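One chain follows as structure tokens, the form predicted alone.
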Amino acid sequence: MPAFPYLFYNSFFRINIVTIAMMILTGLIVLIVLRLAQRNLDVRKPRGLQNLIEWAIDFTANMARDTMPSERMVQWILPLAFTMVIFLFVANWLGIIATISIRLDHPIPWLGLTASSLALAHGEVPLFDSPTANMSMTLGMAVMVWILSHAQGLRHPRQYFRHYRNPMAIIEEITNPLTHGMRLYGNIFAGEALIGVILTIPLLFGWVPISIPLLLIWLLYSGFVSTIQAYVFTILMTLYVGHKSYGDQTDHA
């Protein structure tokens, strides 16, 4: 397992520098893409990047309509859902496009790169990978969704607390954020880890590079999984919030 650099390594709230940097990079990429898409808007004949973004917005809106109780709630959740799905799509793909590491032979204790951690990682220090391959990041996003859904439910306290008369509902509320975040983390981390394993496969008979076709196949599969996981995380977000929208339990317009 690679050794990551941390800020405040000896404190309880240590910060993974690579994950934070990759989150910022993901946000910048999303902002640049959206800025380019709306640069030359053409209402009559959308094309190019504008057409792709409009399709993504329509796709997200239809996804929200399948999980939210009313059209008003669809319009309320749509900006967050669209931002979430596009952010996760970019974040999940970063580690597939490139994974950059350096080999460090000298420890840097104030960054958490101690001699023991470097020895376990064989000196490998990542500088570029998917931020969603970090469990703290995905669980943090899942907890954000959990807080949002309960805040929505508490707008109607009578229906909200009535739901918890069943003890299984309490257990479900504990497991939902765990499975929500761990599912995303597990899929992205496993995909990037196996890419590293494939790259270490030796040549067959000393000259046949069997790792190349395996790597191409796995990259295609990982790209598919990364895209699906962005969709799954977002639709579960709208589902959890929709289930807590007690005051909007009306049919779609």
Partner chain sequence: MFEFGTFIVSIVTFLILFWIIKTYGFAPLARMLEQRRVLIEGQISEAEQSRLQAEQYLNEQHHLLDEARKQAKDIVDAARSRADEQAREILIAAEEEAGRLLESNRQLIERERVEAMNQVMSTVSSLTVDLSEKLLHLHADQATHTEMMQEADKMLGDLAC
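Numbering follows the first chain given and starts at 1. The model shown is predicted, which means the values in this text are computed figures rather than measured ones.
Omitted from view is the form predicted together with the partner chain, to which the following refers.
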query	finding
Options 168-176, 92-100, 79-87, 155-163; stretch whose heavy atom lies within 4.5 Å of the partner chain in the predicted complex	79-87
Output flag, I20, V30 and M144 jointly within 4.5 Å of the partner chain in the predicted complex, heavy atom basis	yes
Candidate from Q50, T227, S211, T67 lying within 4.5 Å of the partner chain in the predicted complex - any heavy atom	Q50
Touches the partner chain in the predicted complex: G140 (any heavy atom, 4.5 Å)	yes
Contact test in the predicted complex: Q38 vs the partner chain, heavy atoms, 4.5 Å	yes
Partner proximity in the predicted complex: L34 to the partner chain, non-hydrogen atom cutoff 4.5 Å	yes
N134, heavy atom within 4.5 angstroms of the partner chain in the predicted complex	yes
Residues of stretch 40-74 in contact with the partner chain in the predicted complex (4.5 Å, non-hydrogen atom)	L41, D42, V43, R44, P46, Q50, I53, E54, I57
